[in-house]
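Just the one chain here, the form predicted on its own, laid out as structure tokens.
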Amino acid sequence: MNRLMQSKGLINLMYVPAIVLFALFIFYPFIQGIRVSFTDWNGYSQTYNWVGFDKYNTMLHDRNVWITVKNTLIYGFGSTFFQNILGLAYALFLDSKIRGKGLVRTIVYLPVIISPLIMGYIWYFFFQYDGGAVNDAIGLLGIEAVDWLSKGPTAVWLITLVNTYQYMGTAMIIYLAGLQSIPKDYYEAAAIDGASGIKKFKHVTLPLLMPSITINILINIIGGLKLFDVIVAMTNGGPGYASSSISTMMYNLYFARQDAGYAAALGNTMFLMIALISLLALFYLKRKEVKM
């Protein structure tokens, strides 16, 4: 008994390094961020003043903040929608008896391992106005060049599609694992009942795939809402704040405007927004899951 208690005590001690690291690199900066949001600290000075809720009040009346919130929601929900539709389509293809599945899986998953910043620069060179591959291609058809990245709505949706392209491979892998875990008995029972391919998908595949859908949607929403690298590479949030996300606006507030208090207030708001959306999605999707 004593030996068992000693072993449990040793196991508990193994949690200590993780707790210390969490406290140092997650919890302490989080608390500091809340404190800084109530000051006028510029991010460099040794002195600062307590300003209460001034930064939050400024944020509510800042038109640029509302533009970035709208863009952030488009990045989050747009990427989630396209990544799941395309990821599921590829997974269904790979789960069928068709040749060339290994090649398709490699091609679709390959962008995941590329740095988001590099991916952004690759697509920037495709869509840039002077000498961009897209404008060169449409120029051959006699179509006038388009400044894709200087128009806010166009740039926002292009960035959303680039983020989709990069991470739909992750969604595909998760869906493929989910599809391959569904017992074949369910499909055989459905076939005996006379169910067609669409009915099998609707009444067997989709309900039993809900755990994979939950994981994918949560990962994609969180990733899209905090999107940063691709935006910096393709437009740097411009023109103005037309394609900016909350993450890129925080970066500009801190380093360009040297307003760390405002950046911290915006960061805290982004944290609450992502937490609220993720929890609502989690509770809703968990209720839709069925047990095999």
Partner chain sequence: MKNVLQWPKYAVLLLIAVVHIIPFYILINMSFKLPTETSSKWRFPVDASWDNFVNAWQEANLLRAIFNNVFITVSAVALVVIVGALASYPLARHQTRFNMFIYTVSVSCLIVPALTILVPLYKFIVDLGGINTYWAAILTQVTFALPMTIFLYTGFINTVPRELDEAGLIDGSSRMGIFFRIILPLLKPITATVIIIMGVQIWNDYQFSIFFLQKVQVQTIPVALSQFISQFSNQLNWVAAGCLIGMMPMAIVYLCLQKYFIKGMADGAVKG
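Residue numbers count along the first chain shown, from 1. Only a predicted model underlies this, so the values are computations on that prediction, with no experimental measurement involved.
One more form of this protein should be noted, the form predicted in complex with the partner chain, which is absent from this view; the next part is about it.
Q: My question is simply whether residue 264 lines the interface with the partner chain in the predicted bound form - judged by any non-hydrogen atom within 4.5 Å.
A: Although the partner chain is absent here, residue 264 would touch it in the predicted bound form, with heavy atoms inside 4.5 Å.
Q: Please run the contact check for residue 136 against the partner chain in the predicted bound form: heavy atoms, 4.5 angstroms, yes or no?
A: Contact with the partner chain, yes.
Q: Using the partner position in the predicted bound form, report whether residue 60 sits within 4.5 Å of the partner chain, counting heavy atoms only.
A: Residue 60: no contact with the partner chain in the predicted bound form.
Q: Applying a 4.5 Å heavy atom distance criterion, does residue 50 contact the partner chain in the predicted bound form?
A: Output for residue 50 is no: heavy atoms all beyond 4.5 Å of the partner chain.
Q: Within 4.5 Å of the partner chain in the predicted bound form, counting heavy atoms only, one of 182 to 190, 98 to 106, 196 to 204, 154 to 162 shows up; tell me which.
A: It is 98 to 106 that comes within 4.5 Å of the partner.
Q: Could you work out which of 73, 85, 122, 145 is the residue within 4.5 angstroms of the partner chain in the predicted bound form, going by heavy atoms?
A: Flagged contact: 122.
Q: Give, in sequence order, every residue of 164 to 184 that has a heavy atom within 4.5 Å of the partner chain in the predicted bound form, or say none if there are no such residues.
A: Contacting residues: 165, 168, 170, 173, 174, 177.
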